Ligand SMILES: Cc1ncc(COP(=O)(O)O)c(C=O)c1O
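Just the one chain here, laid out as structure tokens, in the form predicted alone.
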Amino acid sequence: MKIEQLIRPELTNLKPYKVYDFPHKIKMDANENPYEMPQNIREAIADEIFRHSFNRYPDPIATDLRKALASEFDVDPDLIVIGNGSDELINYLISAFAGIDAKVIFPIPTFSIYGICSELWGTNISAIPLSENFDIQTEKIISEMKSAKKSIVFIGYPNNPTGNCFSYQSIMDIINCNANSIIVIDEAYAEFSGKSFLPLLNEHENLVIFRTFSKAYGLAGLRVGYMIAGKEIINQILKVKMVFNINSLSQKIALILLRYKNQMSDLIQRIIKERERLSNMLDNISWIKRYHSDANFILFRTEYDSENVFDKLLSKGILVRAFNEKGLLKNCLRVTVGKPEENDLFISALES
């Protein structure tokens, strides 16, 4: 017997998602918040850890965290599901609503997990290339929606790795399209853009909003994401959700960060300010084309081989993300907005 004979067909050509950890001094590759928690917040977290009941199972539906988020966004807490990062929620949504008779539609380039989870569940994929100015091709997406028996459309807003928010009207045209489709707006970077489709949730029963604590709130290491959607969608997600999917400490620490929202907002504003300064510095380098960003990272194209630029930056201890794919990302790199001193060292390394 060979193990290969036992594998589900959907997994045969699926490659594991790999995260490469290169030796570095400054990490600017994963769109993380570069700032450590302020001391008073760390003390509040330390106090929670000291008195936390690690011997008890977590609240399976994260009641307190859902209530806090519901108050924050003025929605019913029953319309929120907490996940072990947004990745888990993407997987739940596809497992509940897709399958072999459905189609998952998304623009490319975008967050790769949409495609990976779709392949995992044996769902048909329709990846629609962005236009030359990194906007969605609305008519092509709508055509795919109408040709499918049912579909899920994933739209990053802002999009990763391009960093921009797509045309609002284009997305509205997709939401209003008369097709059997769930429209997912992934707002992982919404705190940096100030833009959201959340106010439209009550008007569209097929609309789903994803948010996360990983980016703006600096909780990438604890994996706390959440989705907000209509009751009928939430009911189906609860059928496939693992019972104790989000650990109790992550729930408590996310609650603490919401309590200190104003202080975290100050850090977010510092990142936005640095994004604009870093953008201006990139614009002054003649061999670089910098693209507009609404997120906490910047995509840029070089006149040289991007892998060579990546290697030279790494030799100076600076880790960024390199793309050297055919098409829109040819010779592109993505840099996370860091602290001022990190951004200065990055620019200095580029200029040298």
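It should be emphasised that the depicted structure is a prediction, and the values quoted were computed from it without experimental measurement. Heads up: residue numbers just count along the shown sequence, starting at 1.
Beyond what is shown, the protein has a form predicted in complex with this ligand; the following relates to that form.
Proximity of I136 to this ligand in the predicted bound form: non-hydrogen atoms within 4.5 Å are absent; the residue sits far from the partner.
Contact between G163 and this ligand in the predicted bound form is not found at the 4.5 Å heavy atom cutoff.
Using a 4.5 Å cutoff between non-hydrogen atoms, G85 counts as a contact of this ligand in the predicted bound form. Contact check for F73: no non-hydrogen atom falls within 4.5 Å of this ligand in the predicted bound form. Note on the partner interface in the predicted bound form: the residue among A188, I80, I105, V184 having a heavy atom within 4.5 angstroms of this ligand is A188. Look at 193-201, 270-278, 215-223, 240-248: in the predicted bound form, residues with non-hydrogen atoms within 4.5 angstroms of this ligand sit in 215-223.
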